[in-house]
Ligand code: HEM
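Only one chain is shown below, in structure tokens, and it's the form predicted alone.
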């Protein structure tokens, strides 16, 4: 029995030594690294390894990192700025995002919604001056309607998800709580990221298809001068698209839409050489252009639906009644029928 106990004690001793030696080596190395950190600065004689000081306040340490008092770090990730721990420009971006973009953008959206609501309450739906004839004119082909509806539906999805990402903390979280807001934003972010490229592709198809029909002509200036007769009730002759539609096409769809598309792709696919500052700048342009496009889209959607009798039929079926064409697009009506009013 005594031999057995002695043998067992020797084995325990060897195992303990095998465990203690590596532990002591790690402890000694850790002590050396901690010792190299003196008052928030790295000892020049110590290895170039950063050790964050313990405690609740490491302001001096991170201030040093921000001011580049330490040597750049080393990382296995081969992307721009991968070795930059703190990027100070991010503070500027956050202030712009949470300040002018969120505040002014929110007031812009609210002001447009209120203005359209008041206009509808005062003017109501623009009615046809003559009864419908039952004779239909082709206004949009199947291809044009397909492109339009894909752009329209994807835009609505992007607008809703984008607005929730921008205003969720201010509108959703106070009412439903952090968990609900986080879950909704997770869904919104994924829908937004995957819908964006689809929107951009069909947006380009739309621009190519309708650019020729949206060139400005002499009749457009009269429409612009009289604001399309929206306030007076007078019908101003126009071609296939009037001045208001052309303005929406070139400013809302082309300029703002392409800005949103390009900056969105920069944000969606970040591994093509973009720095964090590039991404932040892209987001500023992306959010700003999106807010202006959403505000303009309210007017376009209003006129194309409840704002004007018979307008939605053209995009639903491709055809409009002859009475509608004569009243709203007299020049176009004459061009395709060869008849004057």
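Remember, it's a predicted structure, so these values are computed and weren't measured experimentally. Residue numbers count along the first chain shown, from 1.
What follows is about the form predicted in complex with this ligand, which we do not show.
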* Structure fact -> Per contact check vs this ligand in the predicted bound form (non-hydrogen atom within 4.5 angstroms), the hit among 245 to 253, 206 to 214, 228 to 236, 157 to 165 is 157 to 165
* With the partner left out of view, is residue 268 within 4.5 angstroms of this ligand in the predicted bound form by any non-hydrogen atom? -> yes
* So, in the predicted bound form, is residue 197 in contact with this ligand at a 4.5 angstroms heavy atom limit? -> yes
* Does this ligand get within 4.5 angstroms of any non-hydrogen atom of residue 260 in the predicted bound form? -> yes
* Asked: Taking heavy atoms only, is residue 287 within 4.5 angstroms of this ligand in the predicted bound form?
  -> yes
* Taking this ligand in the predicted bound form as the reference, which of 136, 240, 148, 97 has a non-hydrogen atom within 4.5 Å? -> 97
